[in-house]
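Only one chain is given next, in structure tokens, and it is the form predicted alone.
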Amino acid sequence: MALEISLEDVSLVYNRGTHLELKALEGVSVTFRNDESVLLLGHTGSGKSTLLKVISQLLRPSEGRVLINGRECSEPKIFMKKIGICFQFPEDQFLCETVFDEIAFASRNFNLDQIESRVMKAIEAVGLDETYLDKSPFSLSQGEARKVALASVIAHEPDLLLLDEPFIALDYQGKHVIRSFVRSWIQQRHGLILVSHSLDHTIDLVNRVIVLESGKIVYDGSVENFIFENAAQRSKLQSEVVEIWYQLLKLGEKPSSLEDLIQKAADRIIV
């Protein structure tokens, strides 16, 4: 079923009316669908994490509206079943004593069946195994905790997945596992909104890029246009991958993945 989330002139102010007042989002109007993959970029404090929480209705905007398929949401639980959000700090979302119960939590809350099967499928998808299921989620390393947090938000099979910095604290193999998962998720026609500072690990996974600056959207467009604009202007969003991709696009070659980019670049090296 199609899912469309629209923000109309949304602003969000933290600590309004106090000396700590902070405007995190200002006049944001944007639409997301569950048939696209989106990368949210921006410097620390630009509003990326706040935007994810507004999209998922964990935060209500100070001004503006959030529409679900053209209407304001009247049944939050039904909507939340369609969304999976994984926070930047996984310990923020842990509630249960064991990894099994943590991964099963949402599925049980939504009264879904085949709980054990869902848990096993989810934990395997993130590169872990059943030996973790009896452990406390609070005893895990940062990388393991990040994987368990991801498993916990995909077990109920949401339509749209929101990931906030999923590659932090992961080693090379861990990043490879999560990249493979994300690619498979998108290929299954699920939606994705991904926050990351790492262009090199994400740019080939998405088809749309949104850049936030001081709580405002300053860019919203295709990956190709983003690469042309940012590589040509040598912006602060520096990335060797973006530079190489830009050069290949100028030559009429469009890489289909990071691996394809590497191969195309290697083929042009003259020894």
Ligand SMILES: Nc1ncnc2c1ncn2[C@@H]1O[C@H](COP(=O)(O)OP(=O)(O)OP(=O)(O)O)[C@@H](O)[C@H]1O
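No experiment lies behind these values; they were computed from the predicted model shown. For every residue, the number given is its place in the sequence shown, counted from 1.
The protein also exists as the form predicted in complex with the named molecule; that form is not presented, and the subsequent description refers to it.
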Given a 4.5 Å cut-off on heavy atoms, tell me which of 201-209, 49-57, 64-72, 219-227 is the interface stretch with the named molecule in the model of the complex. 49-57
Please determine whether Leu251 contacts the named molecule in the model of the complex, using a 4.5 Å cut-off between heavy atoms. no
Indicate whether the named molecule has at least one heavy atom within 4.5 Å of a heavy atom of Asn15 in the model of the complex. yes
Taking 4.5 angstroms as the cut-off for heavy atoms, does Gln88 touch the named molecule in the model of the complex? yes
Do Val10 and the named molecule share at least one heavy atom pair within 4.5 Å in the model of the complex? no
Contacts from 19-49 to the named molecule in the model of the complex (any heavy atom within 4.5 Å), listed N to C, are Leu22, Ala24, His43, Thr44, Gly45, Ser46, Gly47, Lys48, Ser49
